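Single chain ahead, written as structure tokens, the form predicted alone.
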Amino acid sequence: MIKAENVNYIYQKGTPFERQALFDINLEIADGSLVALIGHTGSGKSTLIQLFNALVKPTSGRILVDGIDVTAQKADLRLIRRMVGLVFQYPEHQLFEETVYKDIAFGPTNMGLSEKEIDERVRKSAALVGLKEKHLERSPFDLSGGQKRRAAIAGVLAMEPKVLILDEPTAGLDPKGRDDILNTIKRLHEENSDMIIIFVSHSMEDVAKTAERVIVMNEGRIETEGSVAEVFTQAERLQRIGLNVPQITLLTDKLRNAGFNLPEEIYTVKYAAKAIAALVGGDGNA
């Protein structure tokens, strides 16, 4: 699991530009979790995920991943970054090899694996993200936006991390590319029962459709956390800190206030359709 204990982080400490980004973060994320990390710009999301794979180290406190203190003075950074894979926003900008195969193979090659094991990892990770054999010999720059994003994710998966972190994985994609990435995340979660998957998102609809748990950041602190239903039923609280809830939740709240007997924890269109259909006697499949 991931465990954060009393974590604080101060940028440019001791200078006139000193700013505290995280305040006393205490957090546990269990193995097999699919977690969305949300919050307005400047809430501390990016700093927190960089701490998880030791890109930066906390000013105080510590972070444990699979029992290893990644904040320790003599922590093995190479081991940590194999264990915690971080896919940055717009990761396709980091694609550089002649073929998709070579790009995915870059990490395993640097790990000193045999050609056979590299090949197995490349093909396995490509299949996990929905890339076909024909894509592997193409230039990554000939792929669509969504395919490039999936190739970049495959490159991290090929290192077989215990934790996969995705920073705004659907940013800039068209609706099809967006759905492809969200479906990829859900499939990875289903097929890797022990892997922790954390994704940062500004889209409440993406969070509602994909995540199992949600962590809400606000001004460097954890504002609230819980299941998707538990978090999105706190609409007023989220709006107060500059966030929103899925549009379908706002709609069903208005219907409920108008006297319709609908559940409070509606946060997806599919769930709303079934609940409304139950009121009018339909099957909810429209």
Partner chain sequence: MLKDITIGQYIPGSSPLHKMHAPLKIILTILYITVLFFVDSPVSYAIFTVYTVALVLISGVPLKVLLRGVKPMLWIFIFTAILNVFMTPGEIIWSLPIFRFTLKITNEGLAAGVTMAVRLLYLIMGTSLLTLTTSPLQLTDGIEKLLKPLRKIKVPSHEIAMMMTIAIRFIPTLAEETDKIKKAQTARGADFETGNIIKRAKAMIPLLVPLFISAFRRADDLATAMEARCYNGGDNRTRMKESHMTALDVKAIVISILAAAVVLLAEFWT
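This structure is a prediction, so every number in the text was calculated from the model and none was measured. Residue numbers count along the first chain shown, from 1.
Keep in mind the form predicted in complex with its partner chain is missing from the figure; the text below concerns it.
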Original post:
Within 4.5 Å of its partner chain in the predicted bound form, heavy atoms considered, which of Leu128, Leu113, Leu86, Ala72?
Top reply: Leu86
Subject >> Residue stretch of 244 to 252, 33 to 41, 221 to 229, 54 to 62 approaching its partner chain in the predicted bound form, non-hydrogen atom distance within 4.5 Å >> reply: 54 to 62
Original post:
in the predicted bound form, do Gln50, His93 and Gly107 all put a heavy atom within 4.5 Å of its partner chain?
Top reply: yes
Original post:
Hey, in the predicted bound form, is Gly155 touching its partner chain, heavy atoms inside 4.5 Å?
Top reply: yes
Original post:
Taking heavy atoms only, is Leu136 within 4.5 angstroms of its partner chain in the predicted bound form?
Top reply: no
Original post:
Is the gap between Met159 and its partner chain in the predicted bound form 4.5 Å or less for some heavy atom pair?
Top reply: yes
Original post:
Just to confirm, Asp180 within 4.5 Å of its partner chain in the predicted bound form by heavy atoms?
Top reply: no
